[in-house]
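A lone chain, given as structure tokens: the form predicted alone.
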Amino acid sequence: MLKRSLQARRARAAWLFLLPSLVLLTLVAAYPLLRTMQLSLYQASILDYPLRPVWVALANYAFLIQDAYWWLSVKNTVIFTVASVSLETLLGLGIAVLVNARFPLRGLMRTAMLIPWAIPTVVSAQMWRWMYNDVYGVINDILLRLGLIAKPVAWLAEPSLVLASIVAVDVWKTTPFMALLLLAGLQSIPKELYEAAHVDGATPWQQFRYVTLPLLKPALLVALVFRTLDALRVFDVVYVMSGTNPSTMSMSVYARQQLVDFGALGYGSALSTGIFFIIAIFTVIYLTVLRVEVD
């Protein structure tokens, strides 16, 4: 009886400590989400003053299902997410393993690798946009000097190249973030395990496969979830580099176009709600497939 009373008091104390955070989270996250879902059931324009919403029930969602541009934006976003997250994970893991080893100036190397991630996304996107320019861009200049191309390439104008070009920028920008998360996971692995594996005759590859990867799964899961959620709602790098180009338009860019450019408050809210549920589905899939139990 005493034990149950103590547990009840601890539970009440825990809820009291969590209450300010829960209230703040409700104000900054839950209310805007619920408000967006509510507006998605109306037809309204932000150009009207005062706002005169008209109840249309699920008409916005019915139009969304038939909207070819929406599905094109979903396709672009999924391709962007799969390509960028896959490359960032592989490169981030390689960099993390490299900087986790002992070598001279290791601290300087760890600091330098964070520079791309520290640059604001809008700044780095604009910088790469200039570098990709087919008239004065440094990338075309280098490739022409090396004889790898015969004439300048319009990287951000060719439909077959523009999405890959943006993925390359995102990989350059965000790989250090993946490397940082995975480096933290590597440093939590006890060195004694590697020493024991070495005594048992395990090769470096066997140590990596049977010691590093299994123990790195929790950090890898966190990194994958963070980057996938971030990539699915990508906006800034796509909008700065290609605007509303249908070849690259992401879900967030399309939602912004409907809300701001066209003033369609109801349909834009439906698009935003659709983005939320797609991200939620990806999160559930990740947590189900990659779930690990940590002792």
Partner chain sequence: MPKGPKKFRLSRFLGQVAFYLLLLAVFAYLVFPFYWAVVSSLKSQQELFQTPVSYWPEKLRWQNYRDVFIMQPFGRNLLNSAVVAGLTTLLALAVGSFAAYALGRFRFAGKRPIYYGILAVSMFPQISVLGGMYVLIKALGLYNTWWALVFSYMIFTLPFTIWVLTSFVREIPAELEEAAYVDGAGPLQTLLWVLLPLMAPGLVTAGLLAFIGAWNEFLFALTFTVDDKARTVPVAIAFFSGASQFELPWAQIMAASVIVTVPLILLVLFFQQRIIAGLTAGAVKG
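Definition used throughout: the rigid core is the maximal C-alpha set that superposes within 1.5 Å between two forms. Residue numbers count along the first chain shown, from 1. Every value quoted in this text rests on a predicted model; they were computed, and no experiment measured them.
This protein has a second form, the form predicted together with its partner chain, left out of what is shown; the following refers to that one.
Chemist: Within 4.5 Å, heavy atoms only: does Lys191 come near its partner chain in the predicted bound form?
Modeler: No, Lys191 sits far enough from its partner chain in the predicted bound form that none of its heavy atoms falls within 4.5 Å.
Chemist: Taking heavy atoms only, is Tyr210 within 4.5 angstroms of its partner chain in the predicted bound form?
Modeler: Residue-level check for Tyr210: no, no contact with its partner chain.
Chemist: Examine Tyr136 and determine whether its closest non-hydrogen atom to its partner chain in the predicted bound form is within 4.5 angstroms.
Modeler: Tyr136: yes, in contact with its partner chain in the predicted bound form.
Chemist: When the contact criterion is heavy atoms within 4.5 Å, does Gln43 count as touching its partner chain in the predicted bound form?
Modeler: Residue-level check for Gln43: no, no contact with its partner chain.
Chemist: For the three residues Tyr61, Leu161 and Ile285, which mark the spot I'm curious about, does each lie within 4.5 Å of its partner chain in the predicted bound form through at least one heavy atom?
Modeler: Spot residues vs its partner chain: no contact at all.
Chemist: Let me know the one among Ala196, Val122, Ile149, Leu90 whose heavy atoms come within 4.5 Å of its partner chain in the predicted bound form, would you?
Modeler: Contact residue from the list: Val122.
Chemist: Among Ala154, Ala83, Val222, Val74, which has at least one heavy atom within 4.5 Å of its partner chain in the predicted bound form?
Modeler: When its partner chain is considered in the predicted bound form, the option within 4.5 Å is Val222.
Chemist: What are the residues of 16-47, in order along the chain, with a heavy atom within 4.5 Å of its partner chain in the predicted bound form?
Modeler: Phe17, Leu18, Pro20, Ser21, Leu22, Leu24, Leu25, Leu27, Val28, Ala29, Tyr31, Pro32, Leu33, Arg35, Thr36, Leu39, Ile46 sit within 4.5 Å of the partner.
Chemist: Align on the rigid core first; then say whether the Cα of Tyr69 has moved by at least 2 Å between the shown form and the other one.
Modeler: It does not reach a 2 Å shift.
Chemist: Is the C-alpha displacement of Phe262 equal to or greater than 2 Å between the shown form and the other one once the rigid core has been superposed?
Modeler: Superposed on the core, Phe262 moves its C-alpha less than 2 Å between the shown form and the other one.
Chemist: Could you check, with the core superposed, whether the Cα atom of Leu51 shifts 2 Å or more between the shown form and the other one?
Modeler: No, the C-alpha position differs by under 2 Å between the shown form and the other one.
Chemist: Which is it in the predicted bound form for the CA atoms of Ser21 and Ala184, closer or farther than here, knowing they shift by 3 Å or more?
Modeler: Residues separate in the predicted bound form, at least 3 Å farther apart.
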